[in-house]
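As structure tokens, one chain now follows by itself in the form predicted alone.
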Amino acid sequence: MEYAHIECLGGKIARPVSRSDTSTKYFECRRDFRLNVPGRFVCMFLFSNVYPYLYYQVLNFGMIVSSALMIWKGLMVVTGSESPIVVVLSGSMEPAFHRGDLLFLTNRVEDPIRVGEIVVFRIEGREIPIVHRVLKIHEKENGDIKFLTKGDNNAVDDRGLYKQGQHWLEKKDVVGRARGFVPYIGIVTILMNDYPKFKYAVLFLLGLFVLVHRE
């Protein structure tokens, strides 16, 4: 026989509960009309299967995270890009792309870079990649290619964004090339970056949902 604690009028008593009750939920709160106090609730903490259930949910959460990482690694292999999916964080590419658009990238070595193509690239000293359009291409005699980029909504090219003394980008700077997009679906990512408290709240709610969801 299992026992559950019942809080009643500030005190605690123990009463037997069946195993079927303890396997269905963590706790149950209900109004006890036998008590002569308006609005008084009785809470039974059903604990017989709490720890196994928590262990199972934590394990389930770990499997979800592992699956997501495996899918991400698979996308990296298929697309050839270290970041197959990125979110547009600024309005420098409007009207082609808007803030919050989700971009799908590929970065196959055999694909040449062309003028007018939209690329995502990294600059030394900057943590966040930039999404801009190829403006000019400079090809050396040995076949090496360098290129200049510019945002569609910017008045000047990106030389002011590159590191000091750098006037061109190389293929090694490219994270990927835009192949498709979904409008505004990445706005949640922007909100999480702009408002850290919102990010922590979302992560907490997601973790809580995984832990308490039974299916």
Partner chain sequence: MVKSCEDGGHVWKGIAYRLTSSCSTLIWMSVSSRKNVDDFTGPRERSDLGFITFDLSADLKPIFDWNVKQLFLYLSAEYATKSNALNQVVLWDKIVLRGESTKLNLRDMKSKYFFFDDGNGLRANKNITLTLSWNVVPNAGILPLVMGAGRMSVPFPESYETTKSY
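No experiment lies behind these values; they were computed from the predicted model shown. Numbering follows the first chain given and starts at 1.
One more form of this protein should be noted, the form predicted together with its partner chain, which is absent from this view; the next part is about it.
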query	finding
4.5 angstroms heavy atom contact with its partner chain in the predicted bound form for residue 133	yes
4.5 Å heavy atom contact, residue 167 to its partner chain in the predicted bound form	yes
Contact of residue 127 with its partner chain in the predicted bound form (heavy atom, 4.5 Å)	no
4.5 angstroms heavy atom contact with its partner chain in the predicted bound form for residue 82	no
Partner contacts for 137-152, taking its partner chain in the predicted bound form and a 4.5 Å heavy atom cut-off	137, 138, 139, 140, 141, 146, 150, 152
